[in-house]
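This document opens with one chain alone, in structure tokens, the form predicted on its own.
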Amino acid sequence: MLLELSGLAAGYGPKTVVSGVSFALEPGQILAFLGHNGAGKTTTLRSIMGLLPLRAGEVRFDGQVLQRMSVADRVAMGLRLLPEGRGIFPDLSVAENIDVVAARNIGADAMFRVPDVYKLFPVLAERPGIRAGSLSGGQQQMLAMSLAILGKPRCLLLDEPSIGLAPNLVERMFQQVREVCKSHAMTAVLVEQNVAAAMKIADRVIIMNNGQIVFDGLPDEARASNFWHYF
């Protein structure tokens, strides 16, 4: 297993938001991590990334316990977070965004270099000098995805990647996520309100409700169950 959560609990201030969250993912596996707003999905991703301390439980990545590792160490190991609301430098140009992240993350063993992300998202190659904050919402999301995969990512934590995308671009974005994961044995945890689109590319579905897992199974099993009342 590449990513393993065991009894994870986390929260903010005096409030525990998630508790008893456990799952394990293999290399190349795509998890649709679903639930209503406030169910605890983003809190779980932030805990995996080290942005939020655990109150209980354990996170392992490639067999190593992560609790005492910094966010930078986790990034170096191959964990990458695409945060909700995009993770870009809005005052820098497209090329400057990519070059800043590339300088820190691209080594000799990199899977994705600058030409690769421009090939994956050609619209960015057409706008290298444009200020990132002036891009359309969909283009900003493509830039954020590019920054997340530069170097040698092994597990992508994607928080609402379809935000700002026109409906005709959502399927394309998700198919790109699937192709990248399957061709490079990269794991992905996909938090997404566009449930139908997420389930099309997922190998597994977990549904959160009030901070706990209420469903864990295959997409077809989720479709056959009465899971919609959790949204």
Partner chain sequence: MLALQLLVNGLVTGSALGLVAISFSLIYSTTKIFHVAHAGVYTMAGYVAWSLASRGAPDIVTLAVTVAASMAMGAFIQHQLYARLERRRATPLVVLIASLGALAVMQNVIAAIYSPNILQFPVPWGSKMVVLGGVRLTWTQILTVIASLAAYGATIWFFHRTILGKQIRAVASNPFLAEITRLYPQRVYVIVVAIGSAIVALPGILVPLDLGLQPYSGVTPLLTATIAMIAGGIGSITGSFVIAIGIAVLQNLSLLVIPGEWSIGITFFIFVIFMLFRPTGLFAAAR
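Numbering follows the first chain given and starts at 1. Here the structure is a predicted model, which is why all the values come from computation and not from measurement.
Beyond what is shown, the protein has a form predicted in complex with its partner chain; the following relates to that form.
Student: Tell me which of 201 to 209, 30 to 38, 66 to 74, 181 to 189 has residues with heavy atoms within 4.5 angstroms of its partner chain in the predicted complex?
Tutor: Selected range: 66 to 74.
Student: Could you work out which of 101, 155, 135, 117 is the residue within 4.5 angstroms of its partner chain in the predicted complex, going by heavy atoms?
Tutor: The residue in contact is 101.
Student: So, in the predicted complex, is residue 83 in contact with its partner chain at a 4.5 angstroms heavy atom limit?
Tutor: Close contact exists here: in the predicted complex, residue 83 approaches its partner chain to within 4.5 Å, heavy atoms only.
Student: Applying a 4.5 Å heavy atom distance criterion, does residue 105 contact its partner chain in the predicted complex?
Tutor: Contact with its partner chain, yes.
Student: With a cut-off of 4.5 Å between heavy atoms, is residue 151 one of the residues that contacts its partner chain in the predicted complex?
Tutor: Result no; residue 151 lies far from its partner chain in the predicted complex.
Student: Is the gap between residue 88 and its partner chain in the predicted complex 4.5 Å or less for some heavy atom pair?
Tutor: Yes, residue 88 sits close enough to its partner chain in the predicted complex that at least one of its heavy atoms falls within 4.5 Å.
Student: Is its partner chain in the predicted complex near all of 3, 60 and 113, within 4.5 Å of a heavy atom of each?
Tutor: Verified in the predicted complex; spot residues all out of contact, no.
Student: For 138 to 154: residues with a non-hydrogen atom within 4.5 angstroms of its partner chain in the predicted complex?
Tutor: The one in contact is 147.
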